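Taking the form predicted on its own, here's one chain by itself in structure tokens.
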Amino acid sequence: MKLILGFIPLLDCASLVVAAERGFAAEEDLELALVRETSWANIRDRVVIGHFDAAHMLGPMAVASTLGIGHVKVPVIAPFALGLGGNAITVSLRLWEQMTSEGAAAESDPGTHAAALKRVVATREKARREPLTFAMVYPFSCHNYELRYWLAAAGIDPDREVRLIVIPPPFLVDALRAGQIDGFCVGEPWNSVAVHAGVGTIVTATTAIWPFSPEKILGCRLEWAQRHPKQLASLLRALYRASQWCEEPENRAELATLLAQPRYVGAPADLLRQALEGQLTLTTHSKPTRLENFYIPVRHNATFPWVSHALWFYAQMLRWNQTESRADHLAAVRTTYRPDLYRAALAAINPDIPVGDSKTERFFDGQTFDPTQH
């Protein structure tokens, strides 16, 4: 069966690319037609309208679509996660210089950098200057919520003291170069591309804010999944085996070369390989820095669709006034991430599937998220 899958040019589209290119989909009698898109809004639209059978999607996007927040209401499910981590926050060289004068330093912890940024923001406000502008990739994204979490932990009000806007991932470096934004949160390789181009400095990986943080999912309409259960299960098995292949160190050079092709990510292979190895160059001309567990394709249950992740996304939607608290919303959120479909498809090939559907999430500032309280 031929499946049409959309993706955005990012490091974590890797499992889709490998499933198509290395024969894992073919072993499941699937033909994957991968369609490169520019923006997450395009991915959303083409999934809900039915142009795509499934797609590389933002986790919170599935929740927002199911609830009908910000767009039409179409139930979308997440039966598979496309790895953990892979994001970072990058600022312009000018802002980084201001932050270093306020106590920031290369390889400092995210709390130190956020505190330095808070002092820069306070100085600008006192001087009656325009607020700093930060970009993220989509309103319902881990990028938005992790950026907001980091800012708020330092006492910066993301809705009052800075300006947050949406720019598609491939355009962020150009916007930073043009001085249109002061920083952004995005997945690799676009943080590294900004550093390589001499226009940005990586201030923190989001895995330093939320260790083992979730990222993209395989998303599809609930209606499609109900019509094609066997094909969906086959796709999950192909993606799981592809994720295992992506995890192996001996495959990283080949994977980086594959992703570097213009039809996929279209970024330098050496930058992609560094990200795959968790070795990011944080500032121009510096040596790569080891970031533990920066991007994980399969280890630590990286492909498991934790319901606790969906619940945290909903908690952020409430925190940042994107929606209102409703019992029917909470019930719908709990059915968006589908560990039941994951288990059914992968029971025979994955011996380490978690028994529970949720877990407690822990953050850099000592806060925890207990899903049993939601």
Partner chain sequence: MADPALRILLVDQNVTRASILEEGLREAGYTNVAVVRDMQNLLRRIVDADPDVIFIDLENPNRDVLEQMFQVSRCVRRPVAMFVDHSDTDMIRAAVESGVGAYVVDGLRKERVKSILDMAVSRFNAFSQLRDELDRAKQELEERKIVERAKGILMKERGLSEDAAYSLLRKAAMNENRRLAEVAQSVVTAARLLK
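Positions refer to the first chain, counted from 1. Keep in mind that this is a model prediction, so the values were computed, not measured.
This protein has a second form, the form predicted in complex with the partner chain, left out of what is shown; the following refers to that one.
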Review point. Are any of the heavy atoms in Gln322 no more than 4.5 Å from a heavy atom of the partner chain in the model of the complex?
Key: yes
Check your understanding: Heavy atoms within 4.5 Å of the partner chain in the model of the complex: does Pro158 have any?
Key -> no
Point to revise | Proximity of Thr133 to the partner chain in the model of the complex, heavy atoms at 4.5 Å | key: no
Exercise for review: May I ask you to state whether His309 is within 4.5 Å of the partner chain in the model of the complex, using heavy atom distances?
Suggested key: no
Check your understanding: Considering Ala267, Val137, Leu176, Ala256, which brings a non-hydrogen atom within 4.5 Å of the partner chain in the model of the complex?
Key -> Val137
Check your understanding: Which residue, Ile165, Ala152, Ala197, Ala106, has a heavy atom that falls within 4.5 Å of the partner chain in the model of the complex?
Key -> Ile165
Exercise for review: With the partner chain left out here, work out from 23-31, 47-55, 341-349, 301-309 which stretch has heavy atoms within 4.5 Å of it in the model of the complex.
Suggested key: 47-55
Exercise for review: Using the arrangement in the model of the complex, list in sequence order the residues of 327-355 with any heavy atom within 4.5 angstroms of the partner chain.
Suggested key: none
